[in-house]
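Before any questions on binding or motion, here is one chain by itself as structure tokens, the form predicted on its own.
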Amino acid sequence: MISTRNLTKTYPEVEAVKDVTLNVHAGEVYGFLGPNGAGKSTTIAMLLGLEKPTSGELSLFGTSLENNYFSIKNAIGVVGENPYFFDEMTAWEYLSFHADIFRIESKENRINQLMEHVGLRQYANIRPSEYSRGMRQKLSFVRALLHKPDLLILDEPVSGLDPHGIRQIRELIEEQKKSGTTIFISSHILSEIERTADRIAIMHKGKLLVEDNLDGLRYSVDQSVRVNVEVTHVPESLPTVLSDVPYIVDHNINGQHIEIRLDGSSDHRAEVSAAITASGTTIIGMETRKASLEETFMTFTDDNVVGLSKAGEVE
């Protein structure tokens, strides 16, 4: 659905995007991450035909944007961080205007359905200038979905939303995914990306550091496995017992809770359980803890990892 090869954008003062190669598959939710200044917005602008690449290749739906971008515009829906509205129009008029552009049949039903879903139907006859920021963001999402696009490009789609609004947008994204829509989403709310994305790309200083699913990202930065164990009590011998187990990298005991990091070479939970029980205590809870996307993201964008990427070890 989206393919770039060595995509580069250079401005007089800075090289904003540097040899970025992305591959977004049909029907997936693709998380596009990076700190401020990473080159995300510039990349999205090139995907939308708003900026022309300095060099490299870029195609959507297998069509190069150099050929005929307008032929594929009606298959794309876009939500930006700061959507623009026509001040003289009500929300209904705004949506009706866009529905006419895309020649949507039964536009009234489509508009009502989407407005109801995001809790805006009762505000349809109010101008967006009177909406809160979160309401404007939801209206922008409705406009992007009107024509049932095959590809959604979302740049901070939940910006300004309260938790209820975030859930509404998340449900819409999940519905679009189930219908087969490809979703390219850039967001600083990593918990939402973690919930919805099939694969994730991380940008930093204009370069693509990694492109993988979440488990692959976790494994790239840490091959160990973390296990949290709760016991009835901590025997005096337990620290020594844990230190003597070869596949335990380290451990931390806090009251009746034990945090254990394993080497990840195999599933050692049974052996860990046996060692703890043999020390003279009883396990009342055990769970495997995976690194969050936030922890993984911070590791990838750490200066040490960026140094590795410049040396060609992480691309």
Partner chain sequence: MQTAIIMHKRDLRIALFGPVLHIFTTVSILVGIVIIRNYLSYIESNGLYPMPDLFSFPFRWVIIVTGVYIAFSAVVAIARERESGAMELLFYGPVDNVSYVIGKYSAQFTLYCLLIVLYLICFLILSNITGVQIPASFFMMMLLSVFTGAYLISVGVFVSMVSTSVRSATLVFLALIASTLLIQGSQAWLSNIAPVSDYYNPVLLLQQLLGWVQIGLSWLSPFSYLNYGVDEMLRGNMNAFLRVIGLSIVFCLVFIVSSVIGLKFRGVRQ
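Numbering follows the first chain given and starts at 1. Predicted, not measured: the structure shown is a model, and the values here were computed from it.
There is another form of this protein, the form predicted in complex with its partner chain, and it is not shown here; the text below is about that form.
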Location of its partner chain contact in the predicted bound form, chosen stretch of 50-58, 22-30, 271-279, 254-262 [non-hydrogen atom, 4.5 Å]:
50-58
Three residues, R110, Y123 and Y131; all within 4.5 Å of its partner chain in the predicted bound form via heavy atoms?
no
Evaluate R195 for contact with its partner chain in the predicted bound form, applying a 4.5 angstroms cut-off between non-hydrogen atoms, and reply yes or no.
no
With the partner left out here, check for me: in the predicted bound form, does some heavy atom of N228 sit within 4.5 Å of its partner chain?
no
Examine V78 and determine whether its closest non-hydrogen atom to its partner chain in the predicted bound form is within 4.5 angstroms.
yes
Might K73 be said to contact its partner chain in the predicted bound form, defining contact as any heavy atom within 4.5 Å?
yes
Which one, K148, H164, R103, H233, lies within 4.5 Å of its partner chain in the predicted bound form by heavy atoms?
R103
Counting any non-hydrogen atom inside 4.5 Å, which residue from K177, R170, R199, H98 sits next to its partner chain in the predicted bound form?
H98
Since the partner is left out here, which residues of 81-102 would have a heavy atom within 4.5 Å of its partner chain in the predicted bound form?
Y84, F85, F86, E88, M89, E93, Y94, F97, H98, D100, I101, F102
